[in-house]
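First comes one chain, alone, set out as structure tokens in the form predicted alone.
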Amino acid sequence: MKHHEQATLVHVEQLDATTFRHVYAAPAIARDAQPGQFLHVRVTQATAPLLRRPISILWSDFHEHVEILFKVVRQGTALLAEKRVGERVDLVGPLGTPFPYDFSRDAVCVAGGYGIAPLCFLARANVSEHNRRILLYGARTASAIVLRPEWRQAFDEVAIATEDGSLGKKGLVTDLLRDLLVARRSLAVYACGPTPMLAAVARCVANFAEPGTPCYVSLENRMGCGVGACLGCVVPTRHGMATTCKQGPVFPAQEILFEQILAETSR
């Protein structure tokens, strides 16, 4: 269920020069939030920037507080980073589809960069003795690996890959995924990160996983309205065009036509 709240910012944490964690008192949103969903954040009461910013939910206590993780990229996120404890922030959420979760299979969470946020939420919200939670985390370099205390606590197993070899295995996170899929069975894969990484995850599961292995991806996209009305975030699927903000952002990987998406973005 979607809610519109004037949330109070109760905690601000700056993790590095451009990375921030916000905690909001937003009871209605917190009660309904699920891993994989996002908030639509109004960063200013002024007219520019006009559009809200879609930001994945990092955590909810399912009672009062909801958290986000974001990186300062342009004007909108820079304005959000200037907010101080006690300020009110206009939030709409939770929006989008959550990750389905299968307790009968070990959960393999494949994160790229800031895609770690919803996957940490997924692991923390689904603690169970019936399956293991495995994190495969990839980034360009060690400094791009964030939320270290959180993922150390949330996951039973962790493997890191950096492209420059500064932390963990040198290479791509899909190298770790391929090795795991070959070695183990009864897995479910959940992924969030840049689109090229998600495409590679989908190919890896198709080529190396046992038949029937579930694979869900959370797509990154520009979302204007957040409710599927503006059609600015549509993606091609095997069943036609779908809105990332409403029919996603979580999709079964096999439904997304990644080759078409990558071809369009490379033009």
Partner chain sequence: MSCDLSTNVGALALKNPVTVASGTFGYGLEFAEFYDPSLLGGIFLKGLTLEPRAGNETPRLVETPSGLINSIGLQNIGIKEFCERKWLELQGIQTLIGVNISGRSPEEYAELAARASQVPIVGAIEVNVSCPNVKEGGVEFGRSEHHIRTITHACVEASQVPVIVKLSPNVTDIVPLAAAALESGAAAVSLVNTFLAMAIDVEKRKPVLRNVFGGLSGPAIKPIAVRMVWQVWRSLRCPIIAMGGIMSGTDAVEFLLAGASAVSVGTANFVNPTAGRDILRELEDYCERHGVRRVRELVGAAHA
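What you are looking at is a predicted structure, and each value in this text was computed from that prediction instead of being measured. Numbering follows the first chain given and starts at 1.
The same protein has a further form, the form predicted together with the partner chain, not shown here; the description that follows concerns it.
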At 4.5 Å between heavy atoms, is Arg222 in contact with the partner chain in the predicted complex? yes
With the partner left out of view, is Val234 within 4.5 angstroms of the partner chain in the predicted complex by any non-hydrogen atom? yes
Would you classify Val227 as touching the partner chain in the predicted complex, given a 4.5 Å non-hydrogen atom cut-off? yes
Taking the partner chain as it sits in the predicted complex, is Val89 in contact with it (heavy atom to heavy atom, 4.5 Å or less)? no
If contact means a heavy atom within 4.5 Å, which one of 194-202, 234-242, 65-73, 208-216 is the stretch that engages the partner chain in the predicted complex? 234-242
Though the partner is not shown here, which residues of 2-30 have a heavy atom within 4.5 Å of the partner chain in the predicted complex? Lys2, His3, His4
